[in-house]
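Take a look at this single chain, the form predicted on its own, given in structure tokens.
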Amino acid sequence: MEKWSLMTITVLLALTVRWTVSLGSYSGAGKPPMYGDYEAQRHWQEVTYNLPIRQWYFNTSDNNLLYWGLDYPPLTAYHSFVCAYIAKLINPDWIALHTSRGYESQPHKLFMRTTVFVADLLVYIPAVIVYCFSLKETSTKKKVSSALCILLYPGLILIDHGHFQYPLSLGLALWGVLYLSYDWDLLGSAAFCLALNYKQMELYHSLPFFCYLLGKCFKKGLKGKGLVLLTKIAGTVVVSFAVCWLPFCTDMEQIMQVLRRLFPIDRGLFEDKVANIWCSLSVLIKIKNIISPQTQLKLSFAVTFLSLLPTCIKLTVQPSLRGFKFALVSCALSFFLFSFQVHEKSILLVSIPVCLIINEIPFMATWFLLVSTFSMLPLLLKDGLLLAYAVTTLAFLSVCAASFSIFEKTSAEDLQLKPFSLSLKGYVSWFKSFPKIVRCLFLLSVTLMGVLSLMSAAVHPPQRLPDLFPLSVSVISCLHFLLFLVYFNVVILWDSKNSRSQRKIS
């Protein structure tokens, strides 16, 4: 009974923080002609409600694709339609064709914010609670602490309830992880397919799902139960995609147009100041100017594939739930750092899997989640979310420090690096000072992020270097992420298949 009371308080606190953040500004408020992501979501409601399905992804006189044209998979469009249907009942002006562009009013803001709040309450938050309750060999206090830290992760709160987007794809992916942890492989596959059909960026998580399930089939034997399981999973995937795409399967041109909208290769290697390798390298080498767009695409694909290959091979050969969760982190981070046309918000696709292992490596998980929020600082400042950023980040750090005593969890064993340290043989003695070095690096990192946050908000950059602070945030964050990528790959590749430290979800 006590754990339910504690979890209820945790959920109420998380909801209060979300609603408080939502009372502030949002992306593009009062900034014509394009406004921002808030207007994009509203416009998709306008389009899906007023136009036939066959026109949703096509450029027409009623659907100018240059003005926030739909560029997400069908499930996002269906969700927009449902929201639009409810909006129509409340106030038809909110989704009136053409005349509702840039619509801004307090009642409409309340409605839009409520739709995000409801999505959080119905999909994402229940998945977090069930996941934390399911942690095996973990005390009630730790379960509640894990849930509180995950639900107070500032990056997701600021983007969903401040900037404005929905947590549905991440929530569905989290349900997929949960189902797989219970060996409900078909439900897990279906949940992930829904996540992928809501946002194509869920491709960041696709290889770990694929490799983990394929590894399980190999383990059962592809001439017996493994083949049956593989056939069932393949059938589930086909049916899930068929259901989502059925209205668009009237002809091949419809399908191809949707795919063109989902993967806009013409946009180039990167756009905004994103904390990945290509944007950071462009400070020194103007990649866009010396390499053709097609070569950029091939290069990013090759580097991304090579960076995640070791993890995927390990997961396929030695499938384990613990390895699967760490692979979600490593593969998503590889995609973020090296893939084509990455948005700064895509770091959330790495952060949510990191949240899932916060009880296993609280120090490194907390550090990563702080950096991931910091990496989106230019976007948050643009949306007027400085105060919300500062308060939620400090609150999150305080809760993690109090709940997990993170500064006491910096030994090689606590950081899951014991197998790696033992493999160094003659260099093991170096690890005696490892905890102190890690703590110093963490404090240096946090100080640097704090100073740069203050300077970005309060100091005007030199006229000849207008992008000094956004680029500094991107480069510093990218360096952090590269080190984290090395760390997570070391943990994965040196992890023993039969290690006692593996914790499974019951």
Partner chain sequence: MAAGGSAMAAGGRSWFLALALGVSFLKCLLIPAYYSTDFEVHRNWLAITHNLPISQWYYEETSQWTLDYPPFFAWFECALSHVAKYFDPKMLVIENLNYTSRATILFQRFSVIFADILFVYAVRECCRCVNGKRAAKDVLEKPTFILAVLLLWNFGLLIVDHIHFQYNGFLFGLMLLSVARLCQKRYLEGALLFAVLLHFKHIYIYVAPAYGIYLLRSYCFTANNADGSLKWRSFSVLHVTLLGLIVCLVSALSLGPFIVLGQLPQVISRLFPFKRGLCHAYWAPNFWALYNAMDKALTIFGLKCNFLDPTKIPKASMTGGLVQEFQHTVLPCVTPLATLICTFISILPSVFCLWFKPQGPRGFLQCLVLCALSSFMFGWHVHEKAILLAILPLSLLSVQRAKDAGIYLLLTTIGHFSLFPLLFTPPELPIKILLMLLFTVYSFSSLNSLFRRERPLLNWLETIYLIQLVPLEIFCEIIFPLTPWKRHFPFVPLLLTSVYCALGVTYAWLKLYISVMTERISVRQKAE
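Being a predicted model, the structure only gives us computed values, none of them experimental. Numbering follows the first chain given and starts at 1.
If you look for the form predicted in complex with its partner chain, you will not find it shown, but the lines that follow are about it.
Engineer: I need to confirm a contact call. Of L148, A77, I361, L380, which residue comes within 4.5 Å of its partner chain in the predicted bound form, counting heavy atoms only?
Structural biologist: Among L148, A77, I361, L380, a heavy atom within 4.5 Å of its partner chain in the predicted bound form occurs only for L148.
Engineer: Going by heavy atom distances of 4.5 angstroms or less, which of V399, V123, L229, I129 would be at the interface with its partner chain in the predicted bound form?
Structural biologist: Selected residue: V399.
Engineer: Looking at 372-380, 387-395, 183-191, 300-308, which stretch has residues with any non-hydrogen atom within 4.5 Å of its partner chain in the predicted bound form?
Structural biologist: The contacting stretch is 387-395.
Engineer: Is its partner chain close enough to A29, A96 and S105 in the predicted bound form that each of the three has a heavy atom within 4.5 Å of it?
Structural biologist: None of them does, since no heavy atom lies within 4.5 Å of the partner.
Engineer: Is the gap between V144 and its partner chain in the predicted bound form 4.5 Å or less for some heavy atom pair?
Structural biologist: Residue-level check for V144: yes, a contact with its partner chain.
Engineer: Although the partner isn't part of this model, could you tell me whether F117 comes within 4.5 Å of its partner chain in the predicted bound form, counting any heavy atom of the residue?
Structural biologist: Taking the distances in the predicted bound form, the answer for F117 is yes, it comes within 4.5 Å of its partner chain.
Engineer: With heavy atoms only and a cut-off of 4.5 Å, decide whether L110 touches its partner chain in the predicted bound form.
Structural biologist: Result yes; L110 sits at the interface with its partner chain in the predicted bound form.
Engineer: How about V17 - does it come within 4.5 Å of its partner chain in the predicted bound form, if we only consider non-hydrogen atoms?
Structural biologist: Yes, V17 sits close enough to its partner chain in the predicted bound form that at least one of its heavy atoms falls within 4.5 Å.
Engineer: Can you tell me which bits of 47-61 touch its partner chain in the predicted bound form, meaning any heavy atom within 4.5 Å?
Structural biologist: None of them.
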